[in-house]
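Just one chain is shown here, as structure tokens, and it is the form predicted alone.
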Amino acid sequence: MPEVDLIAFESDPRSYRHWQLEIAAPMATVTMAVDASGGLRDGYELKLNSYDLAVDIELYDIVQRLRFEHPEVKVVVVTSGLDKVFCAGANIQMLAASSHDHKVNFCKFTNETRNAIEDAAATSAQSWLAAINGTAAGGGYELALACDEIILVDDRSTTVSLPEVPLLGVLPGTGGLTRLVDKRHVRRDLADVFATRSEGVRGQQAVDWGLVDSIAPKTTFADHVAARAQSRADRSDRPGGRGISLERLDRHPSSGGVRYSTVEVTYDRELGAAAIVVRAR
């Protein structure tokens, strides 16, 4: 499968294919409902809310817009629009068909998106809450780990897992083990066991191990999530006020680079170098 020569990263709510954004200040809900046929390239389907770079480009746009355009939003709830599936993680067929360079940069961008979620909480007082209403595996659980709080539906079947080691023979690619141990302070022996259990962990055990913060049965899950979100909003000192409008970029790509209204980038592929020129308007 040929690589995409130049990937466009600009997005806006009018063009989202994989996410639904609902704002009801002081809360916003971000729902993952991936269009299986909306991948960056042909040749694979994004089943079970699995993602590729196209999905994550939209998520990154959402993170920045909520942070800078909507100061009235103090807490963001991320959940799934699919039944019994939160997110299956990075699409395996996409990864198998990609070059090494593309896989590396995909993982880098995906982790930068998770970092942006954490930075919104750390420096903008806008916290994120993961409402896991279906199985969260691999990168899907890593997305939840980037949030400040994780709530898991207790339906006797929904699990969280990092199955990369037992199923693929690779380590989780976007900060899973690091966030487990350094951020959530999961005991290292439990983290080791967890990373070898392809079936994952569910229910009260997930709470006991520190993998999630709380559980709720399906009948009261929505109410529990709403109450936890409201509690976080009440404690936030995010100032509100007027946001900054993030207009869609005026982008003009060419074979040798890309030009914007005030910035121009030209690159030399053989040399592996890029030149950036900034012009005042």
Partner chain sequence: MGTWILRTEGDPAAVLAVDEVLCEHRGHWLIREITAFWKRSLKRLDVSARTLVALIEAGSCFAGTLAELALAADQSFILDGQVADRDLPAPVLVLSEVNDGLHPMANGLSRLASRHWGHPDRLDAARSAFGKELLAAECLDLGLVTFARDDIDWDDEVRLMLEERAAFSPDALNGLEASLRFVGPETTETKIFGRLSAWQNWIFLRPNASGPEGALRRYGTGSRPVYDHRRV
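Under this definition, the rigid core comprises the largest set of C-alpha atoms superposing within 1.5 Å between the forms. A quick note: this is a predicted structure, and the numbers were derived from the prediction, not measured. Numbering follows the first chain given and starts at 1.
What comes next is about the form predicted in complex with the partner chain, which does not appear here.
At a distance of at most 4.5 angstroms from the partner chain in the predicted complex, all three residues Lys108, Ala125 and Ala275 contribute at least one non-hydrogen atom. Proximity of His252 to the partner chain in the predicted complex falls outside the 4.5 Å heavy atom cutoff. Contact between Arg235 and the partner chain in the predicted complex is not found at the 4.5 Å heavy atom cutoff. By the criterion of a heavy atom within 4.5 Å, Gly134 is excluded from the residues contacting the partner chain in the predicted complex. Not displayed here, the partner chain is approached by His100 to within 4.5 Å at the level of heavy atoms in the predicted complex. Among Thr220, Gln64, Thr31, Ser231, the residue placing a heavy atom within 4.5 Å of the partner chain in the predicted complex is Gln64. Stretch-level contact analysis of 178-186, 149-157, 77-85, 195-203 against the partner chain in the predicted complex, using heavy atoms and a 4.5 Å limit, identifies 178-186. Shown here without the partner chain, the chain has Asp237, Arg238, Pro239, Arg242, Gly243, Ile244 in 233-252 lying with a heavy atom within 4.5 Å of that partner in the predicted complex. Core-aligned CA deviation for Glu264 between this form and the one not shown: 2 Å or greater. Once both forms are fitted on their rigid core, the CA atom of Thr219 lies less than 2 Å apart between this form and the one not shown. When two forms of a protein are overlaid on their rigid core, residues whose CA moves 2 Å or more are considered shifted, and Gly43 is not one of them between this form and the one not shown.
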